[in-house]
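Below you'll find only one chain, the form predicted on its own, shown as structure tokens.
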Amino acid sequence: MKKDFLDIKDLTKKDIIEILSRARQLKKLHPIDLDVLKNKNIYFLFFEPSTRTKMSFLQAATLLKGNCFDLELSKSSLTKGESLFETLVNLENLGADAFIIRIKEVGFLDLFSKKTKATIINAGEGKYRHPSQALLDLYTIWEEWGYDFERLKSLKVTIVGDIKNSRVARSLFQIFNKFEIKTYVYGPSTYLLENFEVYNVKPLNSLKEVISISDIVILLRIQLERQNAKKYFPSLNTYYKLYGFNLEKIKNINPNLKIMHPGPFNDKVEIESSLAYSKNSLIFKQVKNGVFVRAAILEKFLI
């Protein structure tokens, strides 16, 4: 096992099974009273906004009795011209055992991981990688399907929405391939990747087809902060009509369809809120499971 948690591709299927199995144990133990990260200094550096990822990593580290430090970036020496590399080197010399980092720039985490003895945890990297989200999504599916890894091979999962700009989608493609889950995509042509064959996924042609054949649909947020959405489709209302999900659309075709979303979701854009809160939704199970999966990640890479 490498010292850093950077990418799903770095994990073997056995590694993933070990992490998810440990997450299941930790969930059973909750409220967790373990001190496995005692005397470990964990620094949080989030250069992009985050609620679920940051708070679940923070809660996970705290439950395992780690010493957590959240660097307030706007008041750090970065504002004085210090480079991120220099900042991290100084924090390591202050005693950092691990850095949990969310960053827009692709490649920095790999470069810095070769320069530091501290553990690097990727908490989201541009539109390229989000490995902990992929793990918690797979955990949620595994949990819903009776904790049986073999059953996952029979599943059909469709990822819908802004795939081109999604770090979640890319990490999901990798992890689903490792478990032989049949994976499809659907969305506006302007949001689809051109090289689907690289990821072993298949595009679908209509919303009806998506709902009919899928066991699970994973909806992706339209990332308004990264783009001018009008370049990709006429309006958010148009997107909702053509690609958005609500109870009415699924009830007569596939009433048992399960819906997931990495969050945050835009109400009446990707999904109507009544569906998000319905029995078809696994969205808030994803949020809850994030704490235990991320605790298992910290255990595996920091002990």
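From a predicted model like this one, the values you see are computed outputs, not experimental measurements. We number the residues from 1 along the sequence you see.
The form predicted in complex with a small molecule exists for this protein as well; it is not shown, and the discussion that follows is about that form.
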Task: Selected contact from S50, S278, N67, Q59, since only one has a non-hydrogen atom within 4.5 angstroms of the small molecule in the predicted bound form - done: S50
Task: The unique member of T119, S214, Q133, T183 whose heavy atoms fall within 4.5 Å of the small molecule in the predicted bound form - done: Q133
Open item on the list: Only one of 240 to 248, 24 to 32, 37 to 45, 256 to 264 has heavy atoms within 4.5 Å of the small molecule in the predicted bound form; I'd like to know which.
Closed with: 256 to 264
Open item on the list: Can you work out whether R102 and the small molecule are in contact in the predicted bound form, taking contact to mean some heavy atom pair no more than 4.5 Å apart?
Closed with: yes
